[in-house]
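Consider the single chain below, provided in C-alpha coordinates and representing the form predicted on its own.
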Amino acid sequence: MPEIRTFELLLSEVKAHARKRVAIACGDMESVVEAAARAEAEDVADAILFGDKKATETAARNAGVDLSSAELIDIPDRDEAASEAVRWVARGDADIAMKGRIHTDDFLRAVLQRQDGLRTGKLLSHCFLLEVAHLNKLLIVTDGAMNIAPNFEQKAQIARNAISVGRLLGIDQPKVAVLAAVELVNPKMPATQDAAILALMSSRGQFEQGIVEGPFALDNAISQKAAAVKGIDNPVAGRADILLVPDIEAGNILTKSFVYLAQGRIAGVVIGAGAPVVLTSRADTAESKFLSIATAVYSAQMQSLSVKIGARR
(Lines give C-alpha, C1' and ligand atoms only; values in the text may rest on other atoms or scores of the structure.)
Protein backbone atom coordinates (compact mmCIF):
# COMPACT_ATOMS: atom_id res chain seq x y z
CA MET A 1 0.00 0.00 0.00
CA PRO A 2 1.45 3.41 -0.92
CA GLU A 3 1.94 6.05 1.75
CA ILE A 4 -0.89 8.55 1.45
CA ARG A 5 0.77 11.98 1.34
CA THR A 6 -1.94 14.07 -0.35
CA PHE A 7 -5.71 14.18 -0.45
CA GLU A 8 -5.59 13.51 -4.19
CA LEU A 9 -3.83 10.20 -3.57
CA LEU A 10 -6.29 9.39 -0.77
CA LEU A 11 -9.21 10.02 -3.13
CA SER A 12 -7.69 7.83 -5.82
CA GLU A 13 -7.26 5.00 -3.31
CA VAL A 14 -10.84 5.44 -2.09
CA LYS A 15 -12.18 5.15 -5.64
CA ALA A 16 -10.20 1.94 -6.16
CA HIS A 17 -12.31 0.13 -3.55
CA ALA A 18 -16.01 -0.48 -2.93
CA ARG A 19 -18.09 2.53 -1.99
CA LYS A 20 -19.25 2.92 1.59
CA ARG A 21 -22.45 4.44 2.99
CA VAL A 22 -22.33 7.55 5.16
CA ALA A 23 -25.24 8.27 7.51
CA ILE A 24 -25.46 12.03 8.04
CA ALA A 25 -27.31 13.33 11.08
CA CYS A 26 -29.22 16.56 10.34
CA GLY A 27 -28.09 17.31 6.79
CA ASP A 28 -30.08 20.54 6.42
CA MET A 29 -27.03 22.74 5.86
CA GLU A 30 -25.58 23.96 2.58
CA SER A 31 -21.99 22.87 3.21
CA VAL A 32 -23.21 19.42 4.33
CA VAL A 33 -25.40 18.79 1.28
CA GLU A 34 -22.59 20.07 -0.98
CA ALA A 35 -20.20 17.57 0.59
CA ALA A 36 -22.76 14.75 0.33
CA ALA A 37 -23.55 15.53 -3.30
CA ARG A 38 -19.86 15.67 -4.17
CA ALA A 39 -19.24 12.34 -2.43
CA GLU A 40 -22.01 10.82 -4.56
CA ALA A 41 -20.85 12.47 -7.80
CA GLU A 42 -17.18 11.56 -7.37
CA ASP A 43 -17.86 7.91 -6.51
CA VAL A 44 -16.62 8.27 -2.93
CA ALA A 45 -19.70 7.35 -0.89
CA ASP A 46 -23.44 6.85 -0.93
CA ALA A 47 -25.13 9.41 1.31
CA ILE A 48 -28.13 8.90 3.58
CA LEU A 49 -29.32 12.15 5.15
CA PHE A 50 -31.41 11.96 8.32
CA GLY A 51 -33.41 14.98 9.45
CA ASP A 52 -36.04 17.43 8.29
CA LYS A 53 -36.52 16.45 4.65
CA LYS A 54 -37.99 19.80 3.54
CA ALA A 55 -35.18 21.74 5.23
CA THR A 56 -32.59 19.45 3.63
CA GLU A 57 -34.15 19.92 0.19
CA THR A 58 -34.17 23.69 0.76
CA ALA A 59 -30.48 23.62 1.69
CA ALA A 60 -29.76 21.65 -1.50
CA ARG A 61 -31.63 24.18 -3.64
CA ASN A 62 -29.81 27.06 -1.97
CA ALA A 63 -26.47 25.33 -2.56
CA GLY A 64 -27.37 24.52 -6.15
CA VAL A 65 -26.68 20.80 -5.78
CA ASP A 66 -28.56 17.70 -6.90
CA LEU A 67 -29.44 15.24 -4.12
CA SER A 68 -31.56 12.97 -6.31
CA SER A 69 -29.12 10.07 -5.92
CA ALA A 70 -28.96 10.41 -2.12
CA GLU A 71 -31.43 8.88 0.32
CA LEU A 72 -33.37 11.29 2.56
CA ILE A 73 -34.94 9.97 5.78
CA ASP A 74 -37.50 12.43 7.16
CA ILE A 75 -37.01 12.83 10.94
CA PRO A 76 -37.68 16.45 11.98
CA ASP A 77 -36.43 16.06 15.58
CA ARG A 78 -32.64 16.52 15.61
CA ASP A 79 -31.90 14.17 18.52
CA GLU A 80 -34.02 11.44 16.94
CA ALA A 81 -32.33 12.01 13.58
CA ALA A 82 -28.88 11.62 15.16
CA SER A 83 -29.92 8.47 17.02
CA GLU A 84 -31.37 6.91 13.86
CA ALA A 85 -28.29 7.78 11.78
CA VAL A 86 -26.03 6.12 14.35
CA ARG A 87 -28.42 3.17 14.65
CA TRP A 88 -28.07 2.50 10.92
CA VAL A 89 -24.30 2.34 11.33
CA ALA A 90 -24.49 0.17 14.45
CA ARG A 91 -26.60 -2.46 12.69
CA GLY A 92 -24.52 -2.39 9.50
CA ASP A 93 -26.92 -0.56 7.17
CA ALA A 94 -24.35 2.23 6.86
CA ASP A 95 -20.59 2.32 7.43
CA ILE A 96 -19.87 5.85 8.69
CA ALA A 97 -21.71 8.27 10.98
CA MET A 98 -21.41 11.99 10.30
CA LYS A 99 -22.43 15.08 12.22
CA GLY A 100 -24.43 17.64 10.27
CA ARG A 101 -26.34 20.63 11.65
CA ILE A 102 -26.48 19.45 15.24
CA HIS A 103 -24.51 20.35 18.34
CA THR A 104 -21.48 18.15 18.92
CA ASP A 105 -22.60 17.07 22.41
CA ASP A 106 -25.98 15.94 21.08
CA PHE A 107 -24.41 14.03 18.21
CA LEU A 108 -21.85 12.32 20.45
CA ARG A 109 -24.59 11.36 22.88
CA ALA A 110 -26.10 9.34 20.04
CA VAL A 111 -22.73 7.83 19.15
CA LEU A 112 -22.12 6.77 22.75
CA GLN A 113 -25.59 5.51 23.63
CA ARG A 114 -25.41 2.05 25.17
CA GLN A 115 -28.05 0.52 22.94
CA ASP A 116 -27.59 0.96 19.18
CA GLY A 117 -24.58 3.21 19.66
CA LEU A 118 -20.96 2.86 18.58
CA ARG A 119 -19.20 2.72 21.94
CA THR A 120 -16.41 0.15 22.26
CA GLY A 121 -15.02 0.87 25.72
CA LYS A 122 -12.05 2.70 24.18
CA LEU A 123 -11.40 6.40 24.51
CA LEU A 124 -12.70 8.28 21.49
CA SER A 125 -10.37 10.90 20.07
CA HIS A 126 -10.25 13.14 17.03
CA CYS A 127 -7.57 13.36 14.37
CA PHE A 128 -7.19 16.26 11.98
CA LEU A 129 -5.28 15.59 8.76
CA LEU A 130 -3.44 18.67 7.49
CA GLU A 131 -2.16 18.60 3.91
CA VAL A 132 1.25 20.26 4.29
CA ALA A 133 2.72 20.66 0.81
CA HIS A 134 6.27 21.64 1.77
CA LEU A 135 6.53 18.63 4.08
CA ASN A 136 4.98 16.35 1.42
CA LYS A 137 2.68 14.66 3.92
CA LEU A 138 -0.67 14.58 5.62
CA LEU A 139 0.27 15.72 9.11
CA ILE A 140 -1.97 14.37 11.87
CA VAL A 141 -2.98 16.68 14.76
CA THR A 142 -4.68 15.17 17.81
CA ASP A 143 -6.81 15.91 19.79
CA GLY A 144 -8.18 19.30 18.83
CA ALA A 145 -11.90 18.52 18.90
CA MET A 146 -13.00 16.07 21.63
CA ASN A 147 -10.87 15.57 24.75
CA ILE A 148 -10.61 18.87 26.59
CA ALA A 149 -7.67 18.43 28.97
CA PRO A 150 -6.47 14.81 28.79
CA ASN A 151 -4.14 13.39 31.43
CA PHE A 152 -1.10 11.34 30.41
CA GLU A 153 -3.07 8.06 30.47
CA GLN A 154 -5.65 9.52 28.11
CA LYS A 155 -2.88 10.99 25.97
CA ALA A 156 -1.41 7.50 25.67
CA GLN A 157 -4.70 6.22 24.19
CA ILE A 158 -4.98 9.32 21.98
CA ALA A 159 -1.47 8.54 20.70
CA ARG A 160 -2.44 4.92 19.98
CA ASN A 161 -5.55 6.04 18.12
CA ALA A 162 -3.51 8.47 16.03
CA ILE A 163 -0.84 5.83 15.34
CA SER A 164 -3.59 3.59 13.92
CA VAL A 165 -4.55 6.43 11.56
CA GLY A 166 -0.93 6.89 10.55
CA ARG A 167 -0.66 3.22 9.73
CA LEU A 168 -3.86 3.40 7.65
CA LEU A 169 -2.09 6.12 5.67
CA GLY A 170 0.74 3.69 4.94
CA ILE A 171 3.31 4.83 7.52
CA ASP A 172 5.00 1.72 8.88
CA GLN A 173 5.99 3.24 12.22
CA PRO A 174 4.33 6.62 12.76
CA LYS A 175 6.37 9.16 14.71
CA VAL A 176 4.46 11.02 17.41
CA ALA A 177 5.72 14.35 18.75
CA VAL A 178 4.16 15.27 22.09
CA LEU A 179 3.90 19.05 22.03
CA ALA A 180 4.44 21.66 24.70
CA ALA A 181 5.74 25.24 24.70
CA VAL A 182 9.33 24.07 25.24
CA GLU A 183 11.42 20.98 24.60
CA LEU A 184 12.74 20.56 28.15
CA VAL A 185 10.89 19.08 31.12
CA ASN A 186 9.70 21.82 33.46
CA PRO A 187 7.92 20.89 36.71
CA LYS A 188 5.80 24.03 36.36
CA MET A 189 4.55 22.93 32.91
CA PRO A 190 2.47 19.73 33.20
CA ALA A 191 2.45 19.20 29.43
CA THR A 192 6.21 18.68 29.47
CA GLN A 193 5.93 16.11 32.25
CA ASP A 194 3.20 14.19 30.39
CA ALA A 195 5.39 14.22 27.29
CA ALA A 196 8.37 12.83 29.18
CA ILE A 197 6.29 10.00 30.66
CA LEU A 198 4.91 9.10 27.22
CA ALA A 199 8.43 9.12 25.76
CA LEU A 200 9.59 6.80 28.55
CA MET A 201 6.66 4.47 27.87
CA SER A 202 7.63 4.41 24.20
CA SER A 203 11.27 3.61 25.01
CA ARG A 204 10.00 0.59 26.95
CA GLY A 205 7.96 -0.69 24.01
CA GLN A 206 4.52 0.38 25.19
CA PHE A 207 3.61 1.83 21.78
CA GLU A 208 4.30 -1.21 19.61
CA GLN A 209 3.44 0.29 16.23
CA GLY A 210 4.81 3.79 16.63
CA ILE A 211 7.47 5.96 18.25
CA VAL A 212 6.49 8.60 20.80
CA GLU A 213 8.92 11.34 21.86
CA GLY A 214 8.70 14.64 23.69
CA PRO A 215 8.39 17.22 24.89
CA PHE A 216 8.74 19.18 21.66
CA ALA A 217 7.99 22.75 20.77
CA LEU A 218 6.20 22.90 17.42
CA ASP A 219 9.27 24.08 15.49
CA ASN A 220 11.57 21.25 16.50
CA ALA A 221 8.81 18.66 15.98
CA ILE A 222 8.45 19.41 12.25
CA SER A 223 11.69 21.19 11.27
CA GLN A 224 14.94 19.23 11.24
CA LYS A 225 16.83 22.53 11.07
CA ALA A 226 15.12 23.82 14.22
CA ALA A 227 15.79 20.52 15.99
CA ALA A 228 19.47 20.66 15.03
CA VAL A 229 19.79 24.23 16.31
CA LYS A 230 18.35 23.10 19.66
CA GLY A 231 20.60 20.03 19.70
CA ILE A 232 17.70 17.58 19.70
CA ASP A 233 18.66 14.26 18.16
CA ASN A 234 16.08 11.48 18.17
CA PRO A 235 14.02 9.67 15.50
CA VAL A 236 11.03 12.01 15.86
CA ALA A 237 12.76 15.40 16.04
CA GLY A 238 11.93 17.37 12.90
CA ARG A 239 10.23 14.33 11.33
CA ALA A 240 6.92 14.03 13.18
CA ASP A 241 3.98 12.38 11.45
CA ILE A 242 1.66 13.10 14.37
CA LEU A 243 1.44 16.15 16.63
CA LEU A 244 -0.11 15.28 20.00
CA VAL A 245 -1.26 18.59 21.47
CA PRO A 246 -1.49 19.29 25.22
CA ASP A 247 -5.19 20.21 25.21
CA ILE A 248 -8.16 20.97 23.00
CA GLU A 249 -7.42 24.71 22.87
CA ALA A 250 -3.94 24.14 21.45
CA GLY A 251 -5.20 21.68 18.85
CA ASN A 252 -8.12 23.87 17.85
CA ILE A 253 -5.95 26.99 17.45
CA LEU A 254 -3.21 25.12 15.60
CA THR A 255 -5.62 23.60 13.10
CA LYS A 256 -7.69 26.73 12.52
CA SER A 257 -4.51 28.75 12.07
CA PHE A 258 -3.52 26.34 9.31
CA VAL A 259 -6.91 26.79 7.63
CA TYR A 260 -7.55 30.50 8.05
CA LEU A 261 -4.00 31.90 7.94
CA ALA A 262 -2.28 29.46 5.59
CA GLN A 263 -5.40 28.49 3.59
CA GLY A 264 -4.55 24.84 4.13
CA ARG A 265 -6.81 21.87 3.41
CA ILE A 266 -7.88 19.64 6.28
CA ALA A 267 -10.00 16.62 7.06
CA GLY A 268 -11.06 15.13 10.37
CA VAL A 269 -12.17 11.77 11.74
CA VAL A 270 -13.00 10.33 15.17
CA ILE A 271 -11.17 7.14 16.18
CA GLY A 272 -12.09 4.61 18.86
CA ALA A 273 -15.76 4.04 18.03
CA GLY A 274 -17.22 0.93 16.43
CA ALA A 275 -17.08 2.64 13.03
CA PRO A 276 -15.48 5.79 11.61
CA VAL A 277 -17.19 9.00 12.73
CA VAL A 278 -17.02 12.34 10.93
CA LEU A 279 -17.15 15.24 13.36
CA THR A 280 -16.79 18.61 11.64
CA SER A 281 -17.48 22.18 12.71
CA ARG A 282 -20.54 23.92 11.32
CA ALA A 283 -18.11 26.58 10.03
CA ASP A 284 -16.01 24.08 8.08
CA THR A 285 -16.12 24.37 4.32
CA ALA A 286 -17.92 21.94 2.06
CA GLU A 287 -14.52 20.80 0.79
CA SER A 288 -13.29 20.04 4.31
CA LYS A 289 -16.46 18.05 4.98
CA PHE A 290 -16.07 16.19 1.70
CA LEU A 291 -12.42 15.36 2.48
CA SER A 292 -13.49 14.20 5.95
CA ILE A 293 -16.03 11.86 4.38
CA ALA A 294 -13.32 10.53 2.05
CA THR A 295 -10.95 9.98 5.00
CA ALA A 296 -13.60 8.07 6.94
CA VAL A 297 -14.46 6.02 3.84
CA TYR A 298 -10.80 5.13 3.37
CA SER A 299 -10.57 4.10 7.02
CA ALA A 300 -13.66 1.89 6.66
CA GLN A 301 -12.33 0.38 3.43
CA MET A 302 -8.95 -0.47 4.96
CA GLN A 303 -10.61 -1.98 8.03
CA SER A 304 -12.85 -4.12 5.81
CA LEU A 305 -9.83 -5.21 3.77
CA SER A 306 -7.94 -6.11 6.94
CA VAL A 307 -10.85 -8.24 8.16
CA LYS A 308 -11.04 -10.07 4.80
CA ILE A 309 -7.29 -10.76 4.79
CA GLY A 310 -7.48 -12.02 8.38
CA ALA A 311 -10.39 -14.31 7.51
CA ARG A 312 -8.41 -15.90 4.67
CA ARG A 313 -5.44 -16.75 6.89
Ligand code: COD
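Only a predicted model underlies this, so the values are computations on that prediction, with no experimental measurement involved. Residues carry their position along the shown sequence, with the first being 1.
Here the subject shifts to the form predicted together with ligand COD, a form of this protein not shown in this document.
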- So in the model of the complex, are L169, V269 and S299 all sitting within 4.5 Å of ligand COD, heavy atoms only? no
- Item | Per-stretch contact check against ligand COD in the model of the complex, the hit in 143-151, 184-192, 79-87, 205-213 (non-hydrogen atom, 4.5 angstroms) | 143-151
- Item | Distance check, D105 to ligand COD in the model of the complex, heavy atom within 4.5 Å | yes
- Would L112 count as touching ligand COD in the model of the complex under a 4.5 Å heavy atom rule? yes
- Query: Is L254 one of the residues lying within 4.5 Å of ligand COD in the model of the complex, judged by heavy atom distances?
  - Reply: no
- Query: Are any of the heavy atoms in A55 no more than 4.5 Å from a heavy atom of ligand COD in the model of the complex?
  - Reply: no
- Item | Heavy atom within 4.5 Å of ligand COD in the model of the complex - the one residue of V165, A237, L129, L124 that qualifies | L124
